[in-house]
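In the block that follows, a single chain appears as structure tokens, in the form predicted on its own.
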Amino acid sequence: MSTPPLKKLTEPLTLFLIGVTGDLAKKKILKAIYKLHEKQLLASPFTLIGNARSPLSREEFQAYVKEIVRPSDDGTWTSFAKSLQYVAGNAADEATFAKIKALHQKLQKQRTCGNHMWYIATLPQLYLPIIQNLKQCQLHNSSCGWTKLLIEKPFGTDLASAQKLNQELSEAFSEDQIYRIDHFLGKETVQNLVAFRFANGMFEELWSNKHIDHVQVTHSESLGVAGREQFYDATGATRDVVQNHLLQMIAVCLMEEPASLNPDDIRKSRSALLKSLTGLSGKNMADHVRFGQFTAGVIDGQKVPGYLEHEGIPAESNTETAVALKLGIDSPRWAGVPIYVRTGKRLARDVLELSVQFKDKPNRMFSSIKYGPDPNILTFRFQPNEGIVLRLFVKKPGHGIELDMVPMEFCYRNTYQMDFIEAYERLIHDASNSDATLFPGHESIESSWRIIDDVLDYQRRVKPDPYPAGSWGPESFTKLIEQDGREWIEPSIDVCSV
């Protein structure tokens, strides 16, 4: 089955980007929008109205965007620049949205009526006032085309705040108007989990506690927190990536088969898996969670400071820069199968992968041959060097029988010789086409917070274990998995290397 190309949007669209000079807009969103324009996937007319506090003229805003997208073709840029408009003002003030509305109405008199998309890419503390301002200015609905809202994570800071945010959203928009962005779900390799699992029938029989011993997720970053100190110290690793990205990825991998490819069916299966996650509550918390905080160390041959040495980080901060968890799933398919998760900053390598470790079945035929303790492992590598690897035993060439473990690899770039569609490009496109497959719903968000709330409560009561930058985390991470007679799978840079 071939992948259909992204469809061209056929109706005029106005995209309101709130927080247009912010870090996320600069690194991802503006580039994705320009790429859609460059591929001629945006309908004409298309208008981008940016908002931020900076007092920019329209010409200054156009120059700002040009510096970010760095166009290679003057004609393409000239046509895109004509679509750019800007309104300065504090997004927490209703008057700012009154100005945006006035500009939009002025432009509507000159152009064909069309659809409207609000993209909130601001600091999370502005989400509620922005939603309230949209409602107060009657910008949440439209008599001319549809209106949708894209909103970035984090969706709250705990279960109560997530529920409050969802309540405010539901008072201004219907659920089918709301697109909550978790860009991990937009990654091509995460989407491929669904195809790999359900398009290959042989894995359905293997995908259960009968054959699988455990699942591991490793998300490690060599980067620190420079430039994000204030945000990170108030957030920590658990909120930053576990509650959203990693739990959603686990749900995609282990969910029951959706009834169809319909977005609602896929989202229901993901949500049901998240509801069934267990293992983080009560007296057993100490056996299921470990926290770490990096100290000074060496990354790529360079000395780097510890977390507490960063300017703006309180000397007594207990914020975790790394966390390891042991989860379970309350279902007949996965009963007794632990899921081990580790993530953190200033770890040994930049990598994101999920590994399924199969049970090591006794085999009388090879019982007398020493071939190592490693059972068969199936690894989904999401970054870098994206691919799927199945580790198998084979006979080494030569006299006699000696076994060796080798990887059987499917590597995206080696097979398809092409670049992926960038996650934000796909998500903006899919939202414009009313395809909610890759967006978590409100139930999914609240289910993941129910698990993480207990972790955060425990985190406030314990001190994180120190670990040197450039390592795989504190010794307590190793003990967490070793107490069950297992060990962490160290990612190999040789997998799908390019």
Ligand code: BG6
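None of the values given here were measured: they were computed from a predicted structure. Residues carry their position along the shown sequence, with the first being 1.
What comes next is about the form predicted in complex with 6-O-phosphono-beta-D-glucopyranose, which is not displayed.
Residue (of Arg228, His214, His104, Lys275) lying close to 6-O-phosphono-beta-D-glucopyranose in the model of the complex, criterion heavy atoms within 4.5 Å: Spelling it out, the residue with a heavy atom inside the cut-off is Arg228.
In the model of the complex, the residue from Glu94, Glu188, Glu221, Asp233 that sits within 4.5 Å of 6-O-phosphono-beta-D-glucopyranose by heavy atoms: The option sitting close enough to the partner is Glu221.
Full three-residue contact with 6-O-phosphono-beta-D-glucopyranose in the model of the complex, heavy atom 4.5 Å, for Phe184, Asp240 and His245: Every residue of the candidate spot has a heavy atom within 4.5 Å of 6-O-phosphono-beta-D-glucopyranose in the model of the complex.
Contact segment among 176 to 184, 392 to 400, 192 to 200, 118 to 126, judged by heavy atoms lying within 4.5 Å of 6-O-phosphono-beta-D-glucopyranose in the model of the complex: Going by heavy atoms within 4.5 Å, the stretch is 176 to 184.
Heavy atom of Lys153 within 4.5 Å of 6-O-phosphono-beta-D-glucopyranose in the model of the complex: It does: once 6-O-phosphono-beta-D-glucopyranose is placed as it appears in the model of the complex, Lys153 has a heavy atom within 4.5 Å of it.
Contact test in the model of the complex: Gln138 vs 6-O-phosphono-beta-D-glucopyranose, heavy atoms, 4.5 Å: No.
4.5 Å heavy atom contact, Arg381 to 6-O-phosphono-beta-D-glucopyranose in the model of the complex: Contact with 6-O-phosphono-beta-D-glucopyranose, no.
Contact test in the model of the complex: Lys345 vs 6-O-phosphono-beta-D-glucopyranose, heavy atoms, 4.5 Å: Although 6-O-phosphono-beta-D-glucopyranose is absent here, Lys345 would touch it in the model of the complex, with heavy atoms inside 4.5 Å.
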